[in-house]
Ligand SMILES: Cc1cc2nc3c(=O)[nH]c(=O)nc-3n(C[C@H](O)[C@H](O)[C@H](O)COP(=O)(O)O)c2cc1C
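Consider the single chain below, provided in structure tokens and representing the form predicted on its own.
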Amino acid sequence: MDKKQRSIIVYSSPAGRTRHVAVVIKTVLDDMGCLPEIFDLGEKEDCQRLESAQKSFAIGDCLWIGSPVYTYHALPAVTEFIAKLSLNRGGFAVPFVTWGAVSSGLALYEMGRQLEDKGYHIAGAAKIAAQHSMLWQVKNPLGYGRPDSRDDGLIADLVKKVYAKINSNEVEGYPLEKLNYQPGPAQKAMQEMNLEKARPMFPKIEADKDLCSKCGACEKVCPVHAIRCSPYPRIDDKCIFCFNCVRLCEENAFKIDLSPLGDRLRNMAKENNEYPLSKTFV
């Protein structure tokens, strides 16, 4: 491995599943002597460090960029980060997504297309099954227990293959059209859906003032900084409906029952019938 080559891992991970994959990537790269840098787009300090680091992205560097799939797409934090990247003809990139076993949507293809537009060669990609973040209130949620050791093994193998490819001076990128794997009839509906259109489908997130202790924990766990406690939680339009505030509130002050979503999401998963759940592209 060329010691001068940088390995940069950037991710957004409200529920921690994409973070898990990012940490597996970092561990394998550490073992390979690559000394990777890792940045969480949900952490203000990481974003400040990343702003400085990305100014020195160079030819031959490899950017690993990860997101969970929300309403068929990568999160805005991820797509906005890619949009702000400087042109880097000769850099390498590996997009990866985690998804809750309903649909991995168009996220990988859209991220890959964005990165190619910025001059990056797509050296590989991955979609990894994850326990559905909205189904913590139901038994046996979709993607239960994922990512697991098998998924970790797939990612470790991908990392090794990507760097073998890069070090062999194989500059041809992975064919982008192979990441556009969703069936044609479903793509139009996926393209038209987004978080804003999905907003009316979700229940209003509001704290019960009789139960809320005004501790501010919900503000701290919000990955997009959409909550302000003044003194009770107020949630603005940046909310991405990760429901971290609901799930992690020790007082159970947010009275929202998402369990009815279970049957609906299971039916969607059957209709989509997307297999394999985890797959790497290299």
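We number the residues from 1 along the sequence you see. Owing to the predicted nature of the structure, the values given are computational and were not obtained by experimental measurement.
Only in words, not in the display: the form predicted together with this ligand, which the text now covers.
- Proximity to this ligand in the predicted bound form, defined as a heavy atom within 4.5 Å, singles out one entry of Phe96, Phe81, Trp99, Tyr120, which is Trp99.
- Of the residues Asn88, Gln114, Gln182, Ser103, just one reaches this ligand in the predicted bound form with a heavy atom at 4.5 Å or closer; this is Ser103.
- Residues within 4.5 angstroms of this ligand in the predicted bound form, judged by any non-hydrogen atom, belong to 130-138 and to none of the other stretches in 161-169, 130-138, 148-156, 203-211.
- At the 4.5 Å threshold, heavy atoms of Phe92 stay clear of this ligand in the predicted bound form, well away from it.
- Ala15 belongs to the set of residues with a heavy atom inside 4.5 Å of this ligand in the predicted bound form.
- Taking non-hydrogen atoms only, Cys62 never approaches this ligand to within 4.5 angstroms in the predicted bound form.
- Taking non-hydrogen atoms only, Pro68 approaches this ligand to within 4.5 angstroms in the predicted bound form.
- Contact annotation for 238-254: residues with any non-hydrogen atom within 4.5 angstroms of this ligand in the predicted bound form are Ile240, Phe241, Cys242, listed in sequence order.
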